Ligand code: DHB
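Presented below, as structure tokens, is a lone chain in the form predicted alone.
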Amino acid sequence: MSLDKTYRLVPGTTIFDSEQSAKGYHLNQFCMSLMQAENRARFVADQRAYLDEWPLREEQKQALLDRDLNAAIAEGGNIYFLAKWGAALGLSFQQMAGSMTGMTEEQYRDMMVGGGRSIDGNRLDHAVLEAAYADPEPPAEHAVITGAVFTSHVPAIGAALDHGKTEEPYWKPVFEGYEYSKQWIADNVPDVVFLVYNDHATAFDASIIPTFVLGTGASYPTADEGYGPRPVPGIESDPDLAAHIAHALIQDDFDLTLVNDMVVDHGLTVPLSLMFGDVEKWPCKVIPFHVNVVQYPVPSGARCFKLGQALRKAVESYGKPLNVQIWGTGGMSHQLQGPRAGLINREWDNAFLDRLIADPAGLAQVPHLDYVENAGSEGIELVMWLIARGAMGDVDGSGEVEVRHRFYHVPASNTAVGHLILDNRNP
């Protein structure tokens, strides 16, 4: 799958895409700081000193000091963010636009009064466009998905780990279920884990409720969920691969929210602890992928399964030889609210695991009501497992999967614990 970036060929135009966003993240965040009057006053009083407070490259700082908007945009700036900078300096939008075209404000205004810049002479060169659309050579090397891990992410499991309770009679059966997994991951450490989880009113509160969130930043710290942060490292991510996945999935008609700056809660850190144990640094990069399963409407299992299929195409079109694992987390049956709080359904959970292995396409058709009725209101988290399952090669018949480990236990605090490891056998 070739990613369509022919928009880069339009003359006199810079499109603000994922790569530009990553390049200009701090530059654009600096511009946003100027929405506060106090910051504007400090910036105008000593521009260099204020810029030096930000982790900007020298080229970015100089572009702003020189009032060179073309250079600032080349350095990842976006015009809507840069407009905040221009406003702080008393520049009109026509002044800023004119400066990028070699015109004075008056000349630019006159051009606009006369009907604006003509499209003539400002179109794509068709020869260049045809060359861009020519079938490219497939990359000699590319990323591959080597396996999938499915696991519950119960917060109390993290607390038991953090407080040395793993050998207590209540907790010992839970952690024994992951002994094989720890050896398996030690023998199969990936370059990148694409980790599907849900935020639990930590990074996202009721003010913003995105359905799918792809972390495209370089790193993410561990959240304080009210008891203080877990004593585990934050994650280092792979922004280049994440940007590639963002481009591919959005072109495949999946609407994503791209987040460069957020905290990650137990939904992400507990699975890492269960698999890797107590470490000073996670041994691989981790791309966070949040799914809203807190406020309805939530995505269907079918939508999640299709997203996993698109994710596999995206990963395998990335032209670097990376070993990637997809982890689906959350569940199993549990209900945390109302008179049915404490609901556990062993039969439904194990049937889910059976179908996840043998009939994932059929399982993806299970409606929301079945999850809520049979697995509890919070059991809906299981739809996230279908993203990881959809990314396996047997779904389209191009590969096979092998079950390496399966585990189920009741209880862990308020929930059932489910766990599965699948090897992805690529042709």
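Don't overthink the numbering: it's just position in the shown sequence, from 1. Remember, predicted model here, so these are calculated numbers, not experimental data.
A second form of this protein, the form predicted together with the named molecule, is not displayed here; the remarks below concern that form.
S.K.: Please determine whether H200 contacts the named molecule in the model of the complex, using a 4.5 Å cut-off between heavy atoms.
M.R.: Answer yes; at least one heavy atom of H200 falls within 4.5 Å of the named molecule in the model of the complex.
S.K.: Given that the named molecule is not shown alongside this chain, does H266 nevertheless sit within 4.5 Å of it in the model of the complex, heavy atom to heavy atom?
M.R.: Output for H266 is yes: heavy atoms within 4.5 Å of the named molecule.
S.K.: I'd like to check something about A302: if you look in the model of the complex, is any of its heavy atoms closer than or equal to 4.5 Å to a heavy atom of the named molecule?
M.R.: A302: no contact with the named molecule in the model of the complex.
S.K.: My question is simply whether T14 lines the interface with the named molecule in the model of the complex - judged by any non-hydrogen atom within 4.5 Å.
M.R.: The answer is no: T14 has no heavy atom within 4.5 Å of the named molecule.
S.K.: Please identify, from 185 to 193, 160 to 168, 311 to 319, 334 to 342, the stretch that has a heavy atom within 4.5 Å of the named molecule in the model of the complex.
M.R.: Correct option: 334 to 342.
S.K.: Between G76, G177, P155, G217, only one gets a heavy atom within 4.5 angstroms of the named molecule in the model of the complex; which residue is that?
M.R.: Contact residue from the list: P155.
S.K.: Of 395 to 424, which residues get within 4.5 Å of the named molecule in the model of the complex if you count heavy atoms?
M.R.: Those in contact are A412, S413, N414, T415.
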